[in-house]
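Have a look below at one chain only, the form predicted on its own, in structure tokens format.
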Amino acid sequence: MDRIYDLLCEITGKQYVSNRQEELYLYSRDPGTMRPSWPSYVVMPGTTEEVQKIVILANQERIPLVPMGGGLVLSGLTIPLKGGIVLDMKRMNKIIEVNKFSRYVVVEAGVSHGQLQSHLELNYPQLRHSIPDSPPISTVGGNVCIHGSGHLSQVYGFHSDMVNGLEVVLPTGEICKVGSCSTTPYWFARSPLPDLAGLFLGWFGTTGVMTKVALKLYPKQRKKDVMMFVTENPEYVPEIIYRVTETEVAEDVNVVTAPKPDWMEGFQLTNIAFTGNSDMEMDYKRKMIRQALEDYINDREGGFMFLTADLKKGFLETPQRSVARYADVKKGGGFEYVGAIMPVELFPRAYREGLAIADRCGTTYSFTVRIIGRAHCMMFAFAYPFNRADEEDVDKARNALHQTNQAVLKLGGIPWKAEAPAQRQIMEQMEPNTLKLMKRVKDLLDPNGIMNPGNWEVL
């Protein structure tokens, strides 16, 4: 196998290839509960052409190849389940173009959300992109690949819906462009061409390696505020979400519930973020949101919570650092969650099922909801932190995650960025002809089965 190491060094240079045990150790795991699986090599390409050469080599030698962005996916999607080569994309971090008037940006897939956010704030302060609540090192390519969501998703949908075009290296080595960029110099849309982006979005790197991504950008208003509506009956939450989104003035709607701090236990906190360009506009939107929920206030079934300046500052952050802080609440560096994509009306059942699972498994929890589209669906995150140094605690979290995946599917939702065991649970419930189509797509694009094997494996 030293021959493979030498060949990888010829492609990228020796400083960007490793087979050292201490470095392979880092790439064999993530912060979630999936057990480690070691690669043989890690390589960091710097160009699309280097990616192409690595893919061709892996295909010729029948070596598994696992593309990786920020490595923060939590659910084992970049753990090399069958060994092989981890393709670390972080060197491919160029921001290639910002089109101010058509409001899009073209980036290499390894560009991080923090990097893009800083670039826009410095050079195009009138533009912004939808930022997930993951740490800023999370990459654009990795996030769209798993159908991520963020602070503008309540208006514009999943981050994969915001993709204008892709450059992809196919498993056999061909470089392919998808969208308007395949036909013109511009990356303005995927329409009106046949939409091939679905061959790569949501496939967890099993159908190709994204090397460039075009993302939609959006106007950035000068002012931003947040209102928090508090209830203690989960049955009210779907109607509250419906009324708030009906106003069409909120750009981000989240629901949070947790047992700590003590005052939060048993309550549902609906956070409503909105923006504007003037004080008059902001006052108007506050009044619309308050009016939409006035019945609950009059009936003493809910009310708006006064937020101190410090509290409000935390809720207005993008990304919110409180999410990362909660991930280490057990002080053991372990965290994972089932992000269930499901209809909004399932909130009460999902909430109660989550409480029951946490109680049965003897683990702490936090539930966070992000509304996608105009309440077209929600991402309901059942989060379980754990102490990685305590194997019993890890097992509790692993058991809670397994039970949660089962419960989500039973409720009528679908686990998001599902780990390999959860993927199998999904496929067991999937229509047979859909499975057959998935298998035909994978067999056509990746005839030698080298791309991130172990994920979306249709038997």
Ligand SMILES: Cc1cc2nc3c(=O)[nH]c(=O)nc-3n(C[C@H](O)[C@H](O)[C@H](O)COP(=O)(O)OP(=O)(O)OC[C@H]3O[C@@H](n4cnc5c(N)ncnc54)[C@H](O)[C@@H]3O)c2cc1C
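The first residue of the shown sequence is 1; numbering continues from there. The structure presented is a predicted model; accordingly, all values stated were derived computationally and were not measured.
Just so you know, the form predicted together with this ligand exists too; it's not on screen, but the next bit is about it.
Of the candidates G83, P238, P132, G373, P132 is the one whose heavy atoms come within 4.5 Å of this ligand in the model of the complex; the others do not. Here is the short version: of A358, M227, L72, L127, the single residue with a heavy atom within 4.5 Å of this ligand in the model of the complex is L72. Contact annotation for Q154: none of its heavy atoms lies within 4.5 Å of this ligand in the model of the complex.
Shown alone here, M210 lies within 4.5 Å of this ligand in the model of the complex, counting heavy atoms only. In the model of the complex, P415 stays away from this ligand, with no heavy atom inside 4.5 Å. Mapping the unseen interface onto this chain, A58 falls outside it, with no heavy atom inside 4.5 Å of this ligand in the model of the complex. From the list 399-407, 62-70, 428-436, 38-46, the contact stretch for this ligand in the model of the complex under a 4.5 Å heavy atom rule is 62-70.
If you check this ligand in the model of the complex, you find a heavy atom from every one of M89, G142 and G148 within 4.5 Å.
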